[in-house]
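Only one chain comes next, encoded as structure tokens, the form predicted on its own.
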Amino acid sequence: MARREDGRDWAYRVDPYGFERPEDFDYASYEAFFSRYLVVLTRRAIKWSKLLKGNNSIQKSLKVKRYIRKGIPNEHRALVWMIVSGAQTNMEQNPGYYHRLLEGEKNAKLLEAIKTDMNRTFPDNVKFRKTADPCLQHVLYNVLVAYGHHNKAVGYCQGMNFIAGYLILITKNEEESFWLLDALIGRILPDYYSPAMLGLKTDQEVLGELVKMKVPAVAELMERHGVMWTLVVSRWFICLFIDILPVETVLRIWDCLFYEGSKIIFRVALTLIKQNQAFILEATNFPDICDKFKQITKGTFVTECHSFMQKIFTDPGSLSMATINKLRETCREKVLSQG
């Protein structure tokens, strides 16, 4: 381990996506996990190469759904996200649109809001630093400016910078990142980033209702101590688990999110709560509960992304889009009545 501690082996301190590993990073257990996961990745890469056979089209099917749940290899990730989310079709149907947005007239207030957030976006990622060459801050700025002018109802909202940043790291392509951001904000996440954030507030209430159904003891604890769900899970929804769960785990969640839609967020949230039920129930007061919710997003359970993803499809039990939409209706009314 000395070679990592004496600072010579920089590659160990920065992950493949450019994020610096924290001081207390547990290299031993991560390497033990990754050596096992590498076997899975190799097997999946062979299967995906056969499925794609050098062409750029995928038909939605049970087989594709199963493949996506088991993880998309990084070399195919951008392409598969583009196809299954509908972003590829939109991009092809609107040639030159992205560049026209960047060349058109700009809203000064929007530009200022985006500029303000540039240095706050992934300060722990070497690729987003001003000293990096190329510096991804420029690409990120372009994507957010274009999106703000494309979707004027949303403009720019904090949280979008992190999502766009991840898309850029994976696609390494400005225009593709723009269209994937459009797929997420415009279609997959219902009304999360509009000024009133009605969809976001609604979905946090929906999670509360689902916890009542599936992990009632935790729901009762939250109620007893007057802890609102938004206090402990808002960043899960706004940032789609970025900076909350490990990078590899977030990417596996996003694989499914692009294919299956927003119910994946509920599956992940319910799994985190259900798996850690006994730990959460140890909390005896308000700050204690908030602290427990920070703790449950760390450790081997979430690092081991392959087994974690298997759990999200078994642990919460059945969870249909029909159930979620029904809950959304009642929760939206509740949020609106609270003004």
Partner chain sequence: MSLLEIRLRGLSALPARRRAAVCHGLYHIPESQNTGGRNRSSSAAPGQAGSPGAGDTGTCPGGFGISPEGGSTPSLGSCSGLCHVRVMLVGDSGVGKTCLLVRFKDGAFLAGSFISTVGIDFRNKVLTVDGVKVKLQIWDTAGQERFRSVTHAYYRDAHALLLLYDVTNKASFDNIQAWLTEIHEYAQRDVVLMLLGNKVDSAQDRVVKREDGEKLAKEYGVPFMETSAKSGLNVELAFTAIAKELKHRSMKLPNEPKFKLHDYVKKEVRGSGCCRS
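Residue numbers count along the first chain shown, from 1. This one's a predicted model, so the numbers in the text were calculated from it and none came from an experiment.
Keep in mind that the form predicted in complex with its partner chain is not shown, yet the notes after this line are about it.
- The putative spot formed by P123, A196 and N276 is fully lined by its partner chain in the model of the complex; each residue has a non-hydrogen atom within 4.5 angstroms of it.
- Only one listed stretch (95-103, 230-238, 78-86, 259-267) carries heavy atoms within 4.5 Å of its partner chain in the model of the complex, and that stretch is 230-238.
- With a 4.5 Å cutoff on heavy atoms, R224 counts as touching its partner chain in the model of the complex.
- When contacts are judged by a 4.5 Å heavy atom cut-off, K292 counts as touching its partner chain in the model of the complex.
- Contact annotation for P246: at least one heavy atom lies within 4.5 Å of its partner chain in the model of the complex.
- In the model of the complex, its partner chain lies farther than 4.5 Å from every heavy atom of L41.
- In summary, among the residues K298, R36, K65, K47, the only one with a non-hydrogen atom within 4.5 Å of its partner chain in the model of the complex is K298.
- Contact with its partner chain in the model of the complex, judged by any heavy atom within 4.5 Å, is made by just one of L200, I163, L251, L184: L200.
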